[in-house]
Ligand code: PEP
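Below sits a lone chain in structure tokens, taken as the form predicted alone.
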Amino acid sequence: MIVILNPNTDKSGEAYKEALAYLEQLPGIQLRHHEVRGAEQVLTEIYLLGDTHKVDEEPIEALDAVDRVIRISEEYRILGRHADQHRASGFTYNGVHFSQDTFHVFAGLCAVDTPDHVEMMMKALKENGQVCTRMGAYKPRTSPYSFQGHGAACLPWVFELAGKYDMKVVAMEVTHENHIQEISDALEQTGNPTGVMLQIGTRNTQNFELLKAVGRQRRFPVLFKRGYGITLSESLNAAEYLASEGTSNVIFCLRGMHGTSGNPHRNMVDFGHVPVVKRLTRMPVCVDPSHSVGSRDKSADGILDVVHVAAQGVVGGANMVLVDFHPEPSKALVDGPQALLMEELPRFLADMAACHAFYQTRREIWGQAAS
């Protein structure tokens, strides 16, 4: 059960104290507080954990501080939508808003290699009006002999370049809880020139101890990738680990399912699940066409498969695209064959903007006002 308080409830006021006192005396119930901070108001949600079947909603709803009460299902307790269309969703981080109505492109290097390549990428993004990018410092690899990323050594100059070119958010994968502190230290060392969105890669989808550690921190939002060999439900429950520890600013990323059924693509593209995730949860949804397709193959119309796939996700309502670019793909240390070229960046961004505009048109056609 979730008790949603009135917007901007004063926690020092009598109404709040009265509500809290009533909830605290409920037998066998534990309380967990969560705040949703928007641009103009703060919403406080109080989660009632335990056997809530016998809890009467009416006395709670009658409390002056309470807006409404929602009964929730067992799954996705915090991240789930629970048939409540008015429940607040989305979050703002470092001046950039993310929700199921916004749209952002995170183009960049799958793996950071040289300062020159990072600067070329960020310069091109700024010239094309972008404020978000992806930069991989820690790279889990199938082979122990493959390049594992520069790690903490590259963080200071990556962050300094991000600040130089006004990148507000850098998506960066972490594979160990120590990486969170390394990122925090590097940001402090460089004067916090940018923000970081921690990425949980598909290999760590069910690394529950890592998820708990990432969930316990409150500073960074999280980009959570679906596990490539498990069901959607299993992946959504794994994302709930983050929220259960306190971090509910989570974006769910679809990146293709492992297996030969997707041939000739690297993975079976699963972007048909974009509207499903948006229906089941309040999370913004990202698509990763680069790791779904895994090549630069073109269709008969001359458009790259990776672009076609990205378009399918965005037209289906995706709120974010995570895509690989590289100034010199032949020299990339990770996934060079699938990286788009710098000269393709303006066309890719224009294509994605057109797809998002078409999605908004589709919403209007079907009777839902576009945001």
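Just so you know, these numbers come straight off a predicted model, no measurement behind them. Position 1 is the first residue in the sequence shown; the rest follow in order.
Form predicted together with phosphoenolpyruvate: not shown, discussed below.
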query: T133 within 4.5 Å of phosphoenolpyruvate in the model of the complex, heavy atoms; finding: no
query: Q199, heavy atom within 4.5 angstroms of phosphoenolpyruvate in the model of the complex; finding: yes
query: Contact label in the model of the complex: D113 to phosphoenolpyruvate, heavy atom within 4.5 Å; finding: no
query: Contact of E173 with phosphoenolpyruvate in the model of the complex (heavy atom, 4.5 Å); finding: yes
query: Residues K139, R203 and K225 all lining phosphoenolpyruvate in the model of the complex, heavy atom within 4.5 Å; finding: yes
query: Phosphoenolpyruvate: the contacting residue among V314, L322, V306, A339 in the model of the complex [heavy atom, 4.5 Å]; finding: L322
query: Listed residue (H265, R255, H179, H273) with a non-hydrogen atom within 4.5 angstroms of phosphoenolpyruvate in the model of the complex; finding: R255
query: In the model of the complex, segment of 209 to 217, 286 to 294, 114 to 122, 161 to 169 with a heavy atom within 4.5 Å of phosphoenolpyruvate; finding: 286 to 294
